[in-house]
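There is one chain below, alone, in structure tokens, taken in the form predicted alone.
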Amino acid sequence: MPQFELQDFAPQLIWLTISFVALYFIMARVALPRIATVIEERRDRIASDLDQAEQLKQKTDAAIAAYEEALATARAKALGIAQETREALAAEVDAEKARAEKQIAEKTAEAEKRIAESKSDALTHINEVAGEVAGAIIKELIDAKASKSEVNQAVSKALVN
């Protein structure tokens, strides 16, 4: 192998050194700055994207908080409206119930008044009816006619006892 011959070894080392230094300078002056620029641009873009994502996250959190607050307000308002409606309906029902109870009380009082009047009429006529019935019984039983005053007196005496 020609690389291992001692007379060619020194010039190969010199060319190796020259090639290495030339490649090093080319890489250091041309390729590496471009690569560094690309890496820096990517780093900046990633940082910018992360900042933008954080801002969007904060906006999203704020929107969620506003939504939850609006939802809580709407729920509270709905509960208030439902409570007001329940109270209004309860008041209506109570008013209707009171009106119905008043009507029932009036009709009951009227019916009691009529019953009292009927009872009073019946009691006033009971003596007459009792007298007539007693007279009819006397006539049927003993075939005699008693005077109206005697029959009424006997009925009054019997009702008192």
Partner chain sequence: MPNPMLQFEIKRFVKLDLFGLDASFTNSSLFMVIAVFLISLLTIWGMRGRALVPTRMQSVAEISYEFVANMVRDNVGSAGQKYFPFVFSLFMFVLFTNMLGMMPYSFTVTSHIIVTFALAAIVFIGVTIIGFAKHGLGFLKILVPSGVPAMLLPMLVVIELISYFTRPLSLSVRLFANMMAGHAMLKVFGAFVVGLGLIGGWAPLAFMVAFTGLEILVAFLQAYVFAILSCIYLNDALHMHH
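Since the model is a prediction, treat every value here as computed from it, not as a measurement. Residue numbers count along the first chain shown, from 1.
The same protein also has a form predicted together with its partner chain, omitted here; what follows describes it.
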Of 123 to 131, 59 to 67, 96 to 104, 40 to 48, the segment with heavy atoms within 4.5 Å of its partner chain in the predicted bound form is residues 40 to 48
Close approach of Leu32 to its partner chain in the predicted bound form, 4.5 Å, heavy atom: yes
Heavy atom of Leu13 within 4.5 Å of its partner chain in the predicted bound form: yes
Ile137 versus its partner chain, in the predicted bound form: is there a non-hydrogen atom within 4.5 Å? no
In the predicted bound form, Gln153 touching its partner chain (heavy atom, 4.5 Å): no
So which residues in 9 to 29, when you check its partner chain in the predicted bound form, have a heavy atom no farther than 4.5 Å from it? Phe9, Ala10, Pro11, Gln12, Leu13, Ile14, Trp15, Leu16, Ser19, Phe20, Leu23, Tyr24, Ile26, Met27, Ala28
